[in-house]
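This document opens with one chain alone, in structure tokens, the form predicted on its own.
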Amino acid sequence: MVAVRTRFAPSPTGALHVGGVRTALFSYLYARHLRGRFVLRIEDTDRQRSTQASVDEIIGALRWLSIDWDEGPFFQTQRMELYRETIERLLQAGHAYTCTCTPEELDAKRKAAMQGGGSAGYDRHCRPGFGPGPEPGRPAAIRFAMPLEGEAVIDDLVKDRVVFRNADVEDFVIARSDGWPTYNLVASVDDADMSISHVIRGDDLLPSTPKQIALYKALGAPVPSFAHLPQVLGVDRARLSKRHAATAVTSYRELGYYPDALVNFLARLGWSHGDQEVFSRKELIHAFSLESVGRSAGVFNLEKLDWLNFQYLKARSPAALASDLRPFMASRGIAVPGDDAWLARMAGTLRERAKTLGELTDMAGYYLADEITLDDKAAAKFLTPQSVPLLETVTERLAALPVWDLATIESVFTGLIGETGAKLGALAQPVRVALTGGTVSPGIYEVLDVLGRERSILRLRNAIETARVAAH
């Protein structure tokens, strides 16, 4: 049995995309399922586009999602000596050669070949025995000499067998003229050096696989197993973009999604385990296998994510929900006008209505604010001169309550209904508009209880004045 070692190797050139996180998650789950090791490697050889901010965001996103690694993070820019030694070894063994063709010459050859119906790949102009060779005095890149016979056979763990003819793969650059190594070289060297047994990555990288297989063999390294994952698409089957949903993982943290809900959702993008939809982390690790990853693209359905997040949110106790909300609200600059017990009661009234912490925070505006703005249509309909007598009576009785709790608040309303014959809606709706500014809220008794006596009475009195003004 080969010891399972997987890796996630993002490039720090921007925000971590949900497709990239799914790749990391599948690599992580596969390693955990088989009691292997999961390696984090930062592929930062793109000097123009790599930034420390992107590195920080990638690491922060993985930690937020609890996709923890066993080794790393390793940085390719800190391993340059190894790459230079490997390039020299490939040159000495005849597996690589210098190339002095300029970008302009290569572009002209490519266009001419395509116009003539030929291959757009490199014509091996500088390869020993195939062309005039490199020109002295010119800047030189290093190309890998692809085998001209045989095939690269990939028994892909997702796509099944994929075969590339070696002769159809061009001699590719492994070091630019400035000496800087390229992706195919550094990825292959790192996989060999780190004893990676399984390369799990997006299928957009499948065309690079025959090049890397040739490199592994030239280095005398074992060829890892490959699993190329289908892409993540939007609901219209187009490439996932911001018009479908937020693509950066950190956006979901800012919107108030639970990390476990997002992990659960991403795991189900292209992988299935019977009809089960909601998985704990332990269940995902136990059930995951590459054999159950489908060949078709995963579809990012935001409604499905919202549904999943709602399952996680409503499963939280009010106290746990309060502990989630306080730092989330603080991140939005919102001060909470109460202790954790008050916040738990407030959250308890909204938990069945909100799909995310962000939605819950938005819904809680009338709880959190000192003053509210009345919706014009709601006020015009319910804060009328006819509503004033009932509003005055309910305000007086609420103000006189000996204790402020659900039972005593409810007794005020049931008493008034019994005395006047009014329906609950005729009394509750003007009170709801007075307290929340609108016509939709949790139960009116719960709203009064959470708002507290002082704020409730003040809002009711303000609403009475609004209703009186409407009479004129």
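A residue's number is simply how far along the shown sequence it sits, counting from 1. Note that the structure is predicted; figures quoted are calculated from it, not measured.
Omitted from view is the form predicted together with glutamic acid (GLU), to which the following refers.
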For this session: Counting non-hydrogen atoms within 4.5 angstroms of glutamic acid (GLU) in the predicted complex, say which of V21, L448, A463, A9 makes the cut.
Result: A9
Problem set entry | The single option of Y183, F300, F328, Y312 touching glutamic acid (GLU) in the predicted complex, heavy atom within 4.5 Å | Y183
Exercise. Quick one: which of 112-120, 199-207, 374-382, 263-271 gets within 4.5 Å of glutamic acid (GLU) in the predicted complex, going by heavy atoms?
Worked result: 199-207
For this session: Report yes if any heavy atom of E57 sits within 4.5 Å of a heavy atom of glutamic acid (GLU) in the predicted complex; otherwise report no.
Result: no
